[in-house]
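First, one chain by itself: the form predicted on its own, in structure tokens.
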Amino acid sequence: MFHICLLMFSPQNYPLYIRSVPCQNELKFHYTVHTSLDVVEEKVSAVGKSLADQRELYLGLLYPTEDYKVYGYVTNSKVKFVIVVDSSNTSLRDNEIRSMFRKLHNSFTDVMCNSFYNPGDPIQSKAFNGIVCGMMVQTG
């Protein structure tokens, strides 16, 4: 069975958006992603010391487990995107994960530009949710 989970975290590490397929594994994915936040922080601080302003937003594979692969991405405003995919899914390549993060970042930018959205609130945009669901259908 194919699993995918997308979580977005604020700069203070509280969730802004959670979406997983299938839904019954959401708590397990949430735990997996929270453990990956330490890896995200390590990578961001290591890159921040060496390159200052010229850091890559895509963090790549954060860590693989027996069941899942966890990928990370951090925006310039320190919002973190984490995608969890099934380890058995060998069809997803690194450049496809990278393009998924770019697509998410562009959609997140659209949410932030909405004058009715308060930064830091959980994202409840139908357009953003539609893009995420579309990505999950494409990869599943």
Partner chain sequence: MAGSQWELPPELCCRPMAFVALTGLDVVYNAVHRAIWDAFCANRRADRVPISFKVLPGDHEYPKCRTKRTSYEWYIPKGIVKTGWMNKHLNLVPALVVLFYELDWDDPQWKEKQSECATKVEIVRTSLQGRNTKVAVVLIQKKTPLPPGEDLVASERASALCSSCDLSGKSLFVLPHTDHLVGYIIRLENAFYEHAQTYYYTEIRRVKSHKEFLNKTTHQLLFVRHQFKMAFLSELKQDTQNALKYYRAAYSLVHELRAHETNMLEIKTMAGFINYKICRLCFQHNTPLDAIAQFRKHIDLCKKKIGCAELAFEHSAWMSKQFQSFGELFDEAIKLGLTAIQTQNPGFYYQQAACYSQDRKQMAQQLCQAGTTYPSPDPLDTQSGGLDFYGQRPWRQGHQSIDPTDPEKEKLGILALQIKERDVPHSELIIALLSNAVAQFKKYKCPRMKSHLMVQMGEEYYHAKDYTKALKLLDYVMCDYRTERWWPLLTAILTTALHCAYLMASVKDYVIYCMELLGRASTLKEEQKSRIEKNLFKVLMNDIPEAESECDQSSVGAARSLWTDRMALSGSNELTVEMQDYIPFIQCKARFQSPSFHVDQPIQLQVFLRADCPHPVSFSKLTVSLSNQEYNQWCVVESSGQDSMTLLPGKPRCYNFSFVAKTEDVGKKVEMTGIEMMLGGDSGRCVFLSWRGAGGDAASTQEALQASRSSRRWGRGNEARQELDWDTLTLQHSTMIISRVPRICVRLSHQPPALTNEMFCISLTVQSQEDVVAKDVKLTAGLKPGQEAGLGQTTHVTLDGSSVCDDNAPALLTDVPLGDLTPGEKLEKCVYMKCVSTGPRIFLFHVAYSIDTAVEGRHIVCNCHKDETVTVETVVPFEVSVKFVSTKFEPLEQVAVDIPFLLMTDILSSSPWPLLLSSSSLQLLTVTSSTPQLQSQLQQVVLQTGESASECFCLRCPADTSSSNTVATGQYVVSWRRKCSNADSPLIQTTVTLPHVILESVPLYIYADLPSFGRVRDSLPVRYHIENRTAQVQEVEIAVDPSDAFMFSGLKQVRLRVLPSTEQQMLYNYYPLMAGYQTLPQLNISLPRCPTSSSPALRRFLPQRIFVKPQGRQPDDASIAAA
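All values derive from a computational prediction rather than experimental measurement. Positions refer to the first chain, counted from 1.
Although it is not shown, the form predicted in complex with its partner chain is what the next lines describe.
Student: Taking 4.5 Å between heavy atoms as the contact cutoff, choose which of Leu104, Leu62, Ile97, Val79 touches its partner chain in the predicted complex.
Tutor: Checked against the cut-off, the match is Leu62.
Student: Exactly one stretch in 105-113, 69-77, 36-44, 89-97 has heavy atoms within 4.5 Å of its partner chain in the predicted complex; which is it?
Tutor: Every other range fails; the passing one is 36-44.
Student: Counting only non-hydrogen atoms and a 4.5 angstroms cut-off, does Asn129 reach its partner chain in the predicted complex?
Tutor: Although its partner chain is absent here, Asn129 would stay clear of it in the predicted complex, with no heavy atoms inside 4.5 Å.
Student: Taking 4.5 angstroms as the cut-off for heavy atoms, does Pro22 touch its partner chain in the predicted complex?
Tutor: Residue-level check for Pro22: no, no contact with its partner chain.
Student: So which bits of 107-135 sit within 4.5 Å of its partner chain in the predicted complex, heavy atoms only?
Tutor: Going through 107-135 in order - heavy atoms within 4.5 Å of its partner chain in the predicted complex - the hits are Ser115, Phe116, Asn118, Pro119, Gly120, Asp121.
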